[in-house]
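Only one chain is included here, represented as structure tokens and corresponding to the form predicted on its own.
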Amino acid sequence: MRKWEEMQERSFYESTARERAINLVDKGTFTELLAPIDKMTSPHLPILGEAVSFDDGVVTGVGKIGKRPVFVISQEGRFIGGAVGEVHGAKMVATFRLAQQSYEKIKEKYPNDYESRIPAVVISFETGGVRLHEANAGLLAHAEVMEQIQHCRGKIPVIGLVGSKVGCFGGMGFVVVATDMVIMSDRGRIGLTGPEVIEEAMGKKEFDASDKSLIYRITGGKHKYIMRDAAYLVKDTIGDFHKQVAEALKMSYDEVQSHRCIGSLKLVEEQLELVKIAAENNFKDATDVWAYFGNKKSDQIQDQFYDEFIREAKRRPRR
């Protein structure tokens, strides 16, 4: 395996779940929980004649960034598209519970200095959503993860990272926007329904799943950054994601959660305002939306390199 320093330069998009998990935290601090050696596999897939994975498509563990314990959940798109089943979901939920237990112990042990040691949960999303092979268990897992995010509110920052090959779709599209902060690269994608599913259900005229430019205009990191569905846009390296997470952990909890997309009446009202704007202006494409929010070169945005985009992009104003 490559050294930690080398992995900081590696493409986040090209990396495996385990590479992301190990190298998103400080050098030499990561410990995997329920590793492949434990052989925790799905009980459902063999019955259906499907192959299993000894980590069930998700790497979980704990490391440190500075003084702070960071509980990492990293999904693997190479196994059933990162889809969530019973074991996959249980590993996610258990990681949240361990983070909450850690919070209580730290608060008890360091009553005067616990804020600088508060744990965080970081989720590297790479998933198409529910695993259809075990749909009921997968749906329940989504609900349980959402519940755990709510249990962390006001205590533990939960940060979602999106920049891997599969993107973040399906039910996990709900989960990622429920986190306190979303960090993306321009290669990341977030959506509730995958492009192929939309095309199959509604037809190619409604959504051409072979049109990669269209997909990124609707679901890609640049669009989510402009619309403030993503708090930060970073370059496509593990190191840039690691640095942004480290910067986020220097913030107060209130500052972190100020980047939330959903979860309050104020945010619901903001979303309703966006629906009204879209209806009144009859936007035909995301480029029209970008122009509405002040991007004069909206037709050039997709071709801009990172530095130029970050320098020139105009974002949706928040209340």
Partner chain sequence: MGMTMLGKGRKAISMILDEGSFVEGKIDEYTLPDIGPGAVIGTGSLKGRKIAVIANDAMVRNPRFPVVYSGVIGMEEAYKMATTVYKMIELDKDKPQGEKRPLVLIVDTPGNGPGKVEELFGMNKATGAYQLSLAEARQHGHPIVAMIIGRAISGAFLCHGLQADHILSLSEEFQTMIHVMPLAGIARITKRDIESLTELSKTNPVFASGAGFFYKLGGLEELVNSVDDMKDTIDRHITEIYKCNAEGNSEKCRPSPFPSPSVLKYTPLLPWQTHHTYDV
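Numbering follows the first chain given and starts at 1. Just so we're on the same page, rigid core means the largest C-alpha set that superposes within 1.5 Å between forms. The structure presented is a predicted model; accordingly, all values stated were derived computationally and were not measured.
Beyond the structure shown, there is the form predicted together with its partner chain, which is absent from this document and is the topic of what follows.
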| property | result |
| --- | --- |
| Candidate spot G63, V87 and K91, all three touching its partner chain in the model of the complex (heavy atom, 4.5 Å) | yes |
| Selected contact from F79, Y216, F207, Y232, since only one has a non-hydrogen atom within 4.5 angstroms of its partner chain in the model of the complex | F207 |
| Its partner chain contact at H44 in the model of the complex, heavy atom, 4.5 Å | yes |
| Close approach of D113 to its partner chain in the model of the complex, 4.5 Å, heavy atom | no |
| Distance check, R187 to its partner chain in the model of the complex, heavy atom within 4.5 Å | no |
| Contact flag, I37 vs its partner chain in the model of the complex, heavy atom cut 4.5 Å | no |
| Option from 234 to 242, 175 to 183, 158 to 166, 120 to 128 whose residues, in the model of the complex, bring a heavy atom within 4.5 Å of its partner chain | 175 to 183 |
| Those residues of 106 to 141 which, in the model of the complex, come within 4.5 Å of its partner chain by heavy atom | I106, K109, Y110, R117, V130, L132, H133, E134, A135, N136, A137, L139, L140, A141 |
| Yes/no, A209 Cα shift of 2 Å or more between the shown form and the other one with rigid core fixed | yes |
| In the model of the complex, shift in Cα separation for D288 relative to M202, 3 Å or more | closer |
| I80 and G203, C-alpha gap in the model of the complex relative to this structure (3 Å or more) | farther |
